[in-house]
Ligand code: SAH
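Take a look at this single chain, the form predicted on its own, given in structure tokens.
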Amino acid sequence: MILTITTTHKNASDLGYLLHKHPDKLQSVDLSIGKAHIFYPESSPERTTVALLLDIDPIDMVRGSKHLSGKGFSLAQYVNDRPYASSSFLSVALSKAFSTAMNGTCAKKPELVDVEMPFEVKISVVSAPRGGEFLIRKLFEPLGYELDIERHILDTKFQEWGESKYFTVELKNSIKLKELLSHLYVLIPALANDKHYFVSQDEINKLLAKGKGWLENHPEKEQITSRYLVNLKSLSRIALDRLNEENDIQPTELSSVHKEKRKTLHDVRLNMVLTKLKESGAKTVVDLGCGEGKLIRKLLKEKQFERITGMDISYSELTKCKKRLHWDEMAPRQKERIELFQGALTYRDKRLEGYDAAAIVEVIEHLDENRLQSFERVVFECASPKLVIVTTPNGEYNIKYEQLMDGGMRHTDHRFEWTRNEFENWSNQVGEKHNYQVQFFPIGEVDENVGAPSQMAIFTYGN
């Protein structure tokens, strides 16, 4: 199996410094199942490519800690795809060959560690059982990668046998090298859904270490975790619990300093929504896109709210919500006040009708803009609560975040981040169409030039 990483950074040969591997030398590292060879097919200031070639010894592989034989086929230990298809073998090789780069260390040019460079990666060949191209895209695209995927047929001489589970994958992204290597380390074995060694709790620590800063916010973190841990439910639960504990704030891709700011901002946002709901006199409230139930927990503490409902498109988020509410231990009277169900904001649902108020907190930016018309109809025409509170990020404020100055968004799943003017125009059009009066409020500290980091619209039915 072979993996190549190419950069066309302004001084592309700096890749050798980052990897601690000289372009003029062929280097090798010993693995438990063979060797990994590192060499540069090309190296110039304009374009540099490093290759990682694995030479797997099938005898060493069979002698390893994980038994690889298959029932009914005595040669399956020796005749299989493991020497050729990228899997946990490649992850181990990456960690051994490029450990310093993966850890963000560059002795001679430390300033390069945090430089985002254009990279092209080619993986030949990766196995993606039970998911195929769709799975590959779900794992890599949320991290900003452009993909070119070629699926291979089983045998060119017997094309009627159909397509295989094997793909050649090319990735493109402008990213820090240490982030690229950590993505590959985790996602390649997650695709293969297998490990060539015994998986214990130590594997959780590896996953969390290499996934720090991106896995906790990945929309497929549950699937990645499960597949990386070869579907061992006990280990997956532990890993996900630890991920959620470390990321018990609004998802974001900002630095740790900005994450702390966002944590405070999210508290301010929820408290402001709670205050506005209390001031409205509403007794029945539905939280649309409730996630893990942070607003619901605040509403439960207020006797004013007699009926509290949470809806989310993600079943796993609703499960987390119940867990954080201590659902099984909850007093019967408290439990009678709450209803949780799965649903989508773009499809009419009669269960949403009859509420005094609806809260839609940092949700609309996760919808494609061409789906907003369906959302408007579901909420304002069909459900038609007396009060609707909508919050969304203020896109103008992003220039205050160093990582977003070049036009990025605060989360990989955001489809848009509106300016204050865009949000007000949309809200006023919705209000006029469905007979709602609209008020606007900033959320968070207001900057004189770009406003507050988040924005709120309160829709009140009737004149």
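Keep in mind that this is a model prediction, so the values were computed, not measured. All residue numbers are counted from 1 along the displayed sequence.
Not on display, but discussed next: the form predicted together with this ligand.
- For residue 127, no non-hydrogen atom is located within 4.5 Å of this ligand in the predicted bound form, even though that partner is not displayed.
- Residue contact with this ligand in the predicted bound form: residue 317 places a heavy atom within 4.5 Å of it.
- Although the partner is absent here, residue 132 lies well away from this ligand in the predicted bound form, with no heavy atom inside 4.5 Å.
- Within this chain, residue 344 lines the site of this ligand in the predicted bound form, having a heavy atom no more than 4.5 Å away.
- Residue in contact with this ligand in the predicted bound form (any heavy atom within 4.5 Å), chosen from 298, 366, 122, 322: 366.
- Distance criterion of 4.5 Å from any heavy atom to this ligand in the predicted bound form singles out 266 from the list 165, 178, 266, 307.
- Residues of just one listed stretch (105-113, 307-315, 203-211, 139-147) have heavy atoms within 4.5 Å of this ligand in the predicted bound form: 307-315.
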